[in-house]
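For reference, the chain that follows is the form predicted on its own, supplied as structure tokens.
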């Protein structure tokens, strides 16, 4: 029975087919919202599924001067890292199938794995576009990872736990967006920066460096990288919703809160033009990390004075 449950967890829910379909749905919804805000029609509901089938059917061409183990292994590692992170979050509002003390830190590092794999994929090729894109991806990762981590530590400190499920239970009776609005804003912008969404899409600027670090990828490899980013979007929205928006208590709660965050992100993508890489990294690293650190210090002082 335990073997059957593990098999279901890995292949169906939450790390398998359910997560893949949910990631495609949120990718489509994000693209559709941005298109409508820009007075465009946008893609049909089945477009992400059609793209996945098309890429799976295409041949994956390997450049001559690359390490084949890295070239074929990095997309798998990126997808595996994002999928494993879903095991520790309350996906669809249900209790996570795997939970332990400190799983918040593990989850955040697993969410960094796709970007690290993208950076290594660009470094592994000889294309100038790929190398420039990889450099930008890794630089942006370091700039946005720390503020995003610190923004999620605020609710964990208030809840007195590093376990995602326990923080989610605490947040169900505390809307922390009201007491930690700075942390919420930093977490949302940090998630957009991690995912390289506009206006933070300098690492894959189509008009400048083709497809960035993934310029040399096609077929199954490109599909797994894109799918890993879609899954990372779902997991990131789940974490921010669970920590700041009153916790997640069911499917309805999950859909309403995560889609509300997605709408807000789509509005920000529409309002701002692409930042240069120096603007993306320098300004946010100085401002985002400092303000969220000030909030954490205030939380520690407040808890120290509380009886």
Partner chain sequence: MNIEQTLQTAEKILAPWNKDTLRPESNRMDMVVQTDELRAATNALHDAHWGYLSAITGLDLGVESGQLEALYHFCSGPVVVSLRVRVPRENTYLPSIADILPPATFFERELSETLGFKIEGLDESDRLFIPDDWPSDVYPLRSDFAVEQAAPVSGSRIDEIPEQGMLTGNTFVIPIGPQHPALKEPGHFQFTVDGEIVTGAKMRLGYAHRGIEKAAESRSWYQNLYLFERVCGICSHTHAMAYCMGVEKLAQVEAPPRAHAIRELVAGLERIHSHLLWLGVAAHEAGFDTLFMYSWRDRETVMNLLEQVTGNRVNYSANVLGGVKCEVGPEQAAKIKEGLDYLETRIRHYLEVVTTDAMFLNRTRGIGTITAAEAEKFGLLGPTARASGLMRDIRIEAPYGAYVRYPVSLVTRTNGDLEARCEVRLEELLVSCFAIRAILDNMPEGPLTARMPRKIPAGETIARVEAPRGELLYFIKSNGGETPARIHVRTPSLCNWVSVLEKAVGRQLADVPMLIAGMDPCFSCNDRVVTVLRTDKKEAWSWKQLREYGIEYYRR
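Quantities reported herein were computed from a predicted structural model and do not represent experimental measurements. Residue numbers count along the first chain shown, from 1.
Not on display, but discussed next: the form predicted together with the partner chain.
Although the partner is absent here, residue 210 lies within 4.5 Å of the partner chain in the model of the complex, judged by heavy atoms. Looking at residue 274, you'd find a heavy atom of it within 4.5 angstroms of the partner chain in the model of the complex. The partner chain in the model of the complex comes within 4.5 Å of no heavy atom belonging to residue 226. Within 4.5 Å of some heavy atom of the partner chain in the model of the complex lies at least one heavy atom of residue 129. For the candidate spot formed by 62, 124 and 219, no residue has a non-hydrogen atom within 4.5 angstroms of the partner chain in the model of the complex. With the partner left out here, the partner chain still marks one of 154 to 162, 102 to 110, 74 to 82, 200 to 208 in the model of the complex; by a 4.5 Å heavy atom cut-off that stretch is 200 to 208.
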